[in-house]
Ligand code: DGL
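Just one chain is shown here, as structure tokens, and it is the form predicted alone.
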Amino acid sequence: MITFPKPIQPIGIFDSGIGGLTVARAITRLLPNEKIIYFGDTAHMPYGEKSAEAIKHYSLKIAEFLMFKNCKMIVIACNTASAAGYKAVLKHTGMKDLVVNVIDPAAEFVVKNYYRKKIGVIATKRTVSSNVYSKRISHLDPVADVSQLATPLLAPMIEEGFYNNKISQTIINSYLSKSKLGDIDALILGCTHYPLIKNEIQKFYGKKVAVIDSSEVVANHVKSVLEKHNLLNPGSKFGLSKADKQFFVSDYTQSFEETSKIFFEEKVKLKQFNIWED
């Protein structure tokens, strides 16, 4: 029996850790009536150093968990998982337009606003090695000049709380000074951790380069997809309760929960749920 999603069902969001909370934060700001279920695969983070096959396996397992939770949409809030696991999740779930990755909306946004310009991308090693941003942008704009740079120190640095200080600015400046990113018109933050250092990146460039926060772009894309399918939650006169925002991790530590507050900008209660134990 085919069942169709309903507006009151939650949006499922997943990432390798807590970086995807920047996407969850952007979605809840834009769509305050939406219920969300977030899953951070902290047992396997960071995905940026894993093989494509491993990431695909993790993504499928998490997608099954979110489907079990009756989610109307799945947002892959991780660039690495979007590059390696999106097609597999789409095929496995059969949810068609209702599986959203973070790469396609960013590619569409940059082509729409910076057509035939030079675009820079900073991301994990796995995302860069997949060449996914260059492929997606070039498909929409064949003459686009796309330059990608792996920035492996940034996500761990942010996870440990090292940002908005002299140490982080030095590391950021070192990466952004590479010749690969010379003379760019716009820079895509190709990791969902990076919105937390957007101000530091913008400080390096000043007004010369547009810094594109993919979490905001993805939130707008989610809204348009839900509108298209008449799945926006109209809300109720009682509003949302804390139970309407659920956050799961596959491995829990107290410090991790404290760090998650930085990403989501409000207190988040993480529940450990190890989907890897059968």
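So that there is no doubt, residue numbering starts at 1 and follows the sequence shown. On a predicted model such as this, the values are computed, not experimentally measured, just so you know.
Absent from the display: the form predicted in complex with the named molecule. The rest refers to it.
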### Query
Which one, 187-195, 168-176, 86-94, 135-143, holds residues whose non-hydrogen atoms are within 4.5 Å of the named molecule in the predicted bound form?
187-195
### Message
Taking the named molecule as it sits in the predicted bound form, is residue 78 in contact with it (heavy atom to heavy atom, 4.5 Å or less)?
### Response
yes
### Task
Examine residue 124 and determine whether its closest non-hydrogen atom to the named molecule in the predicted bound form is within 4.5 angstroms.
yes
### Message
If we define contact as a non-hydrogen atom of the residue within 4.5 angstroms of the partner, is residue 45 a contact of the named molecule in the predicted bound form?
### Response
yes
### Query
Considering only 142-180, what residues come within 4.5 Å of the named molecule in the predicted bound form, judged by heavy atoms?
155
